[in-house]
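What follows is one chain in C-alpha cells, specifically the form predicted alone.
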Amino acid sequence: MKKKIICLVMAGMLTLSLVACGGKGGASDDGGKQESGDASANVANKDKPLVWFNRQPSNSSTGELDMTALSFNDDTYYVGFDANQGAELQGEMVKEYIEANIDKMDRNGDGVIGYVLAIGDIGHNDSIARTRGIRKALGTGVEKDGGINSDPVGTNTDGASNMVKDGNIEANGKTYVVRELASQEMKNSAGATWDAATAGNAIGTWSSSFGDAIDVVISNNDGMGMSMFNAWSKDNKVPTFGYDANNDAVAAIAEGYGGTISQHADVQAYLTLRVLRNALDGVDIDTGIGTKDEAGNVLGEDVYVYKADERSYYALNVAVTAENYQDFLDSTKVYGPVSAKLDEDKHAEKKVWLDIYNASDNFLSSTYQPLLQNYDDLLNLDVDYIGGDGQTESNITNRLGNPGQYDAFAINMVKTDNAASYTSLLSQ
C-alpha cells in the first residue's frame, strides 16, 4: 500500500513537471516564450530565428550594411540576390541588344542612341546597383564618391548634365553616341517608390518631349518597365528592358519587350524559408542548401553564394531574352533541385510571421509570395503573410503586436534604414 501511494505521488509530480515544461508543440503569447516540447521551447522573441529578405538592412545614403540588424541574434540572416552581378548583367544585355540591332536602333538617324531610365528608389541598394550597371555598360556613368553616380538626372537631351556623360558604341564600322536623355525616381505622391503608375506617366511626358529621340527604354524593374511598355513603347516598337522576370514581362518578350533579368526568385524564396526551417530544427544552417538533406534537396554553387561576413545569402541572376524566354514563362514554379517535401514527423510544423512591404508590388505579390506559398508547404511551415502599403513601416509593425505567437520571423522592410523598427518589437 505504501509503495502504491509513493507511485501516485511521483506520477502527480511528473504530470505537474510536464505542464510546467509545456507538453504541447507550437508558440505562445506568454511573455514572448514558446511552449514547446522541442528545441525551440522557451525561446524569447529576441532569440527566435529572423530572416531579412529582399531589402537588405543598410544605410540608404551610403549603402553600408547594418550589421547590427544582420547580427540581431545567432539565427539572423539576409536572403536576396547578388545585386551587382545582376546589375552588370542587365547593362550588358542592353548593350548587346543595341549592338546586334544597330541598323534599326537609331530611330531619327541623328547618330545618338538615346535612352530613358526609370529609377525605382534612390535609397535602395538594388536600385542604385542597377542604375550604375546600366551607366557602366553604356559608358554614360561618371564617378561620385568612389563609385558611379546613381542619381536621377532629370532631363539631359543636350548631353550637358554633369551627373552622366555621353558614351559611345561601335557597330558595323560606325561610332554612335549613347545618351541618357532622362531619368527620374518613380515615386508617387503618397511616397511609394518603384511605382508603376508613375513610370507610365513619365514615359508619356518623355515621349511627348523627346519623340523619336528615344531609342531604348530601361527600367530598374519589370513593374515600371511593363507600365512604360504598355503605355508607349510597345506601339512605337521601342525595346524596353526591365528586371525581375515577372510572368507578364517574360511573355511580353514575344511582343517586343527587349529583355529582363531573373534574380532566381525561386531560389530566393526557398532560402528565405529554408534558413528559418534549419534554425528551428537546430541543424547546420547549410542543410538543404549546400549540403543535401534527407529528402535530397540541395542547391548548386551556380545559383547562389553565401557571404559569411555579411550573414547573407545571394541568389545569382540570369538574363532572359528572346533566345531563352520560353524557359521562364512560369515564374512561380519551384526550383527542381529543392522541391522535395520534408518529413512532417521529423520536421514538425512551425508558425512564421512574414511581411511583404508592398502588397501591390508586382514582383513580390505575383512572383515571390506565390513561390513562398509553394515552399511553406514543402518545409512544413505555417506562414502568416502580411501585406504592407509600401509607404510606412508602421503599417506593417502595427500588425506585429503579439510576436510571442510565432516561432520565427521573415521581414521585408519599406526602407532599408528601418530595421530597428522591427527588432525593437522583438526585444521587448
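So that there is no doubt, residue numbering starts at 1 and follows the sequence shown. These figures come from a predicted structure and were not determined experimentally.
Heads up, the form predicted together with a small molecule isn't pictured, but that's what we're talking about next.
Would all three of W52, W353 and R399 be in contact with the small molecule in the model of the complex, where contact means some heavy atom lies within 4.5 Å?
The answer is no; none of W52, W353 and R399 reaches the small molecule.
With the partner left out here, check for me: in the model of the complex, does some heavy atom of Y375 sit within 4.5 Å of the small molecule?
No, Y375 is distant from the partner.
Spell out, yes or no, whether the shortest heavy atom distance between E180 and the small molecule in the model of the complex is within 4.5 Å.
Output for E180 is no: heavy atoms all beyond 4.5 Å of the small molecule.
Is A69 part of the interface with the small molecule in the model of the complex - any heavy atom within 4.5 Å?
Judged by the heavy-atom cut-off of 4.5 Å, A69 is well away from the small molecule in the model of the complex.
Using the partner position in the model of the complex, report whether Q263 sits within 4.5 Å of the small molecule, counting heavy atoms only.
So Q263 counts as contacting the small molecule.
Among 299 to 307, 278 to 286, 160 to 168, 125 to 133, which stretch has residues with heavy atoms no more than 4.5 Å from the small molecule in the model of the complex?
Only one stretch passes the 4.5 Å heavy-atom test: 125 to 133.
To verify the annotation, which of these, W206, F241, Y115, F81, has a non-hydrogen atom within 4.5 Å of the small molecule in the model of the complex?
The residue from W206, F241, Y115, F81 that makes the contact is F81.
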